[in-house]
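Presented below, as C-alpha cells, is a lone chain in the form predicted on its own.
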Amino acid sequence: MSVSASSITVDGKNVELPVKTGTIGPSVVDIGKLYGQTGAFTFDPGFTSTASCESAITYIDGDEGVLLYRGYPIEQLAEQGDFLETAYLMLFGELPTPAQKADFDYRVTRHTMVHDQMNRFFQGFRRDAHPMAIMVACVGALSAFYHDSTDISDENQRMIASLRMIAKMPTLAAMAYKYSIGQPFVYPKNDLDYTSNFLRMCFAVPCEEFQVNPTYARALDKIFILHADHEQNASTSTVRLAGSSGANPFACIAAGIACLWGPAHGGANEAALKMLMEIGTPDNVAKYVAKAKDKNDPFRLMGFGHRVYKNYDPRARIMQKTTHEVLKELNIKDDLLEVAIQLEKIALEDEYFIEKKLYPNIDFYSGITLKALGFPTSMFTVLFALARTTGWIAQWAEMIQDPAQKIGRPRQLYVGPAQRDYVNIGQRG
C-alpha cells in the first residue's frame, strides 16, 4: 500500500489528507482528521463513495465486471472448486492443501447438528411463519446454546464460532423450510458433502429413501459460491457494524440476515422471477420491453443492472450455464428460461439498455434455477443467507483482528430546528 497526500480547504481552513492506494482498485482519501482540523464532516448518503474499512477478502471492479475472492476470479472458483473450499479460502486467505481441505470438511461436517432443544424452539412460531423470520430468530438464539464460543477476544472461540455458523446454517435453513411446509425435520448425514446434505435435509422424508441428484447438488453449490461474499454490501456492513460494538458472532450474523431480508438486497432474485412470470411467454417480451422503456409506465425490468456492476455481472454468466444444465437434467422446456434468454439478448444489443448499462445480473437467472430445484420463492433469501454466512463470518473475523477498527458511529447533516425554548402546555396554540 502506498500513501500520498491531498489538500482540501474548508471555510478557509486547509488540511492535508493522506491518499492511500490498495493492491488494486481506486485510491481513497483518508478523512479521519478532517473534522478535527476543519470542523466539517463529509456527506455521502448510502456511503457510495466511502471506504469504511480495509479488507483483503473480496474485490469488485464494477466497470470491468470482475469479482475476486482473495484474488481468485469467481469464474475459476465456481467452475473448478466447491463451496467449502471457497469457505476455507475466505477464512484463511489461501486455498487449502488436500490435507487441509479434508480436515476442514471433517470439522464442518461434525458441527452440522444443532442442539436438540432447538427443535422445541421452532414450535414457538406460527405454522405459516416466513422462513426468514425463523432464520433471524434461530441464528440469534444460537448464542443461548453455545456459550463456549461467544468470547470474541479468544481466537480459538472465534474459530469454533466460525465453523459452527458455516456448519449449522444449512441445518437451520432446512429446518425453517420443513417447518413452513409441515414436514418433520431431517437430520444431517456425515457421509454427504455440504450441499448434498442440505438438499437431503430439505427434500427427504422419513418414510422413503432419498438420493441427491449430483447435477442439482453441483448447481446449488455454484449458487452458494457465487453468493458467498460481495465486498461491503448492506448486510456485510451490518455484520461489521454490529460486530464493532463487541456483539457475539451469532448476534452479528442474525443482524446480517435481517438486513438481507430487505427486497432491495436479498429479495432481488425473487423479484426477477416474479417479473419473468408476469411476462409469461416469449411472445410477450417485446411488449414488456416497450413498457420498461416508457417512463410513464410503472413496470420495471428486474434482474438488470447492479449498483456496483456497470458491465455484465460475472456471476450471471456462470448462472446462465448452470440454469441450462438443471433444466436439461429435468428434461423440460421452460418458458421462463426462453423469456430470460430473449430479454438477455435484447439487453446486450439494444441501445437503450447499453446506454443505461442495464446488463443482466445474477438474480436474473438464480431465481429460475432455484425454482427448478424445487424451492419456493419464500426460501430464496434463506439460501442467499446460507451462502453469504461464509463471507459474513470471514468479514467479521477480519474486523475483530483489525487494529484500526473502532465502533461504528456515522455522523449526520442535521436539518431539524435550531435550539428553542420549552413552552408550557397552557401557553401553546
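Numbers follow the displayed sequence, beginning with 1. On a predicted model such as this, the values are computed, not experimentally measured, just so you know. The term rigid core refers to the maximal set of C-alpha atoms that superpose within 1.5 Å between the two forms.
The following text describes the form predicted together with s-citryldethia Coenzyme A (SDX), which does not appear among the structures shown.
Shown alone here, Trp396 lies farther than 4.5 Å from s-citryldethia Coenzyme A (SDX) in the predicted complex, counting heavy atoms only. Using a 4.5 angstroms limit between non-hydrogen atoms, Gln157 is distant from s-citryldethia Coenzyme A (SDX) in the predicted complex. Contact check for Gly305: a heavy atom falls within 4.5 Å of s-citryldethia Coenzyme A (SDX) in the predicted complex.
Within 4.5 Å of any heavy atom of s-citryldethia Coenzyme A (SDX) in the predicted complex lies no heavy atom of Ala99.
Exactly one listed residue, out of His147, Lys333, Lys295, Arg120, brings a non-hydrogen atom to within 4.5 Å of s-citryldethia Coenzyme A (SDX) in the predicted complex: Lys295. Ala268 is the sole member of Met169, Val326, Ala268, Ile223 with a non-hydrogen atom within 4.5 Å of s-citryldethia Coenzyme A (SDX) in the predicted complex.
When contacts are defined as a non-hydrogen atom within 4.5 Å, all of His230, Ala264 and Leu301 contact s-citryldethia Coenzyme A (SDX) in the predicted complex. Residue heavy atoms within 4.5 Å of s-citryldethia Coenzyme A (SDX) in the predicted complex occur in exactly one stretch of 360 to 368, 375 to 383, 396 to 404, 51 to 59, and that stretch is 360 to 368. The two forms, fitted on the rigid core, differ between the shown form and the other one by 2 Å or more at the CA of Asp350.
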